[in-house]
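Listed next as structure tokens is one chain, alone, in the form predicted on its own.
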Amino acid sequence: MGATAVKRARYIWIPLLALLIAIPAGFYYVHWSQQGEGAGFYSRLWSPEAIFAYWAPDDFYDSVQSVEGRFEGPACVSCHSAITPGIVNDWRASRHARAETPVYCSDCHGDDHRRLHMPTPRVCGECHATQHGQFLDERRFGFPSHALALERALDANHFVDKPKAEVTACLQCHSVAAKCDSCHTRHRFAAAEARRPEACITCHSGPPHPDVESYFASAHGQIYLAEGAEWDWSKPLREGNYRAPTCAYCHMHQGQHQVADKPIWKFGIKQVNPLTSANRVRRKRWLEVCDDCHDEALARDALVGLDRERKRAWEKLYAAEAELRSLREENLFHPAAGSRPPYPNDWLDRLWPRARIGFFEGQASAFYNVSPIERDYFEMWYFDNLSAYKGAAHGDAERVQAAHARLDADLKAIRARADRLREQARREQAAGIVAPDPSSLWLNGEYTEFNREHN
């Protein structure tokens, strides 16, 4: 074999051999990383609090050991009527209790008292297969969706780096992926309860997702507030049953247990091209929901109005991103990427510290351990931008106007801060001043050390 042939063989076999080693090594690493005390991809880097057993029961729930034996449903009810009467009363008022063949505690929790389990969507799916299948089908739409909400939290860089006290509130809502009682509470599990907007308020409120605030300010929400107490909530979510829609009516049209099947759902923090074939189908589906009550032309005009609002918002966001990218090129972030604590699991950031700007660079997880101007952009993108989107999507014109005024102010403030950073750098250079290295301040300290020891 000639020298040229040997070189060619190396070019082929060395990459193939490296690939054969890398693939099983990657699978092994993923499996190993998920075997820690926590859960998710970074389970070895954090430990759960006791309350997590109720929010992610498959991962953390351990049955009580105070009672031994196997019990049929009537025995559970007899005992718990004295121990937890409120739970028993809720169950007695449920369709489970009134069914021709009652669904008892043991059907959902098991009958071995030392091996009890919390009902997860998988357990509920044993009887409610259609709803469970629709719920799981959300995964094909990616984030954000209820079915992937817990994974979104547990596999996030900031989740494993921040103290558990700061991320506990995140899991309380993101646990919707692991238990059905986020929407229709145990032990009544009433569909009528889940049809009301209050079922969604628990999670869908506040600066990052002001859904309920924008809904209640809309004409739909105003009708609900005035008349909702008199509506018959036992009626299914179908045309003609309600004078105004609620969250579930639009997002779970006709009772579908799926909320991530519309392009507008992802339109808030991630710009989506509305002209793709998939989005055309979903936009048509959006219009079909509105058509239950409105003329299609009116609904189409509202959707075009939302498109215009999104275009305006993204023009402002892109202008802010351009300013930040310019500062990054000039190395004017303070503290710079290499001078602040990287996420403990982010090996790339350790090897190549780099400020991440915009959604596609990872801005979604860069809301702390950043410089002040980067945080300004995060709040512009995540709070004021989303407020404008939610107002436009839910028909709250005042919120749209106020949010865009804040976006304008955000962009102005970011540009002013950028100018100050450039001016400061110019003066330091003219005076021959070398800026001090802030890494000793940011890479160590009480908060950082506490995180390392107590997560």
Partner chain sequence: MNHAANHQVIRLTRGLPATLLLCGISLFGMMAVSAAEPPDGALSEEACRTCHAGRDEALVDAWRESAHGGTPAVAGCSACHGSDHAHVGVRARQDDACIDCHGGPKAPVVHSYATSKHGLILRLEQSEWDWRRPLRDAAYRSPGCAYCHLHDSEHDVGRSVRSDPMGPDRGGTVADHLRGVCQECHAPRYVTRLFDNGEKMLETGRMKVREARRLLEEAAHRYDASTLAEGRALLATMQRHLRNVRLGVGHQSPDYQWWHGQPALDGDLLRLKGMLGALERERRLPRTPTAERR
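Predicted, not measured: the structure shown is a model, and the values here were computed from it. Residue numbers count along the first chain shown, from 1. In this text, rigid core is short for the largest set of C-alphas that superpose within 1.5 Å between two forms.
What comes next is about the form predicted together with the partner chain, which does not appear here.
A.B. asks: With a cut-off of 4.5 Å between heavy atoms, is residue 45 one of the residues that contacts the partner chain in the model of the complex?
C.D. replies: No, residue 45 stays farther than 4.5 Å from the partner chain in the model of the complex.
A.B. asks: Can you work out whether residue 251 and the partner chain are in contact in the model of the complex, taking contact to mean some heavy atom pair no more than 4.5 Å apart?
C.D. replies: Contact check for residue 251: no, nothing within 4.5 Å of the partner chain in the model of the complex.
A.B. asks: Residue-level question: is residue 436 within 4.5 Å of the partner chain in the model of the complex, judged on heavy atoms?
C.D. replies: Within the cut-off, so yes.
A.B. asks: Going by a heavy atom distance of 4.5 Å, is residue 307 a contact of the partner chain in the model of the complex?
C.D. replies: It does not: once the partner chain is placed as it appears in the model of the complex, residue 307 has no heavy atom within 4.5 Å of it.
A.B. asks: So the partner chain isn't shown here. In the model of the complex, which residue out of 133, 240, 86, 142 has a non-hydrogen atom within 4.5 Å of it?
C.D. replies: Checking each option against the partner chain in the model of the complex, the one that comes within 4.5 Å is 86.
A.B. asks: Looking at 209, 316, 257, 220 here, can you tell me which has any non-hydrogen atom within 4.5 angstroms of the partner chain in the model of the complex?
C.D. replies: Contact residue from the list: 209.
A.B. asks: For the partner chain, considered in the model of the complex: do all three of 53, 372 and 382 come within 4.5 Å of it, counting heavy atoms only?
C.D. replies: Answer is yes for this spot.
A.B. asks: Heavy atoms within 4.5 Å of the partner chain in the model of the complex: which stretch among 74-82, 243-251, 276-284, 318-326?
C.D. replies: The contacting stretch here is 74-82.
A.B. asks: Pick out the residues of 212-228 whose heavy atoms come within 4.5 Å of the partner chain in the model of the complex.
C.D. replies: 216, 224 sit within 4.5 Å of the partner.
A.B. asks: Superposing on the rigid core, is the Cα displacement of residue 398 between this form and the one not shown 2 Å or more?
C.D. replies: Stays below the 2 Å threshold, so no.
A.B. asks: Superposing on the rigid core, does the Cα of residue 427 end up 2 Å or more away between this form and the one not shown?
C.D. replies: True for residue 427: a C-alpha shift of 2 Å or more.
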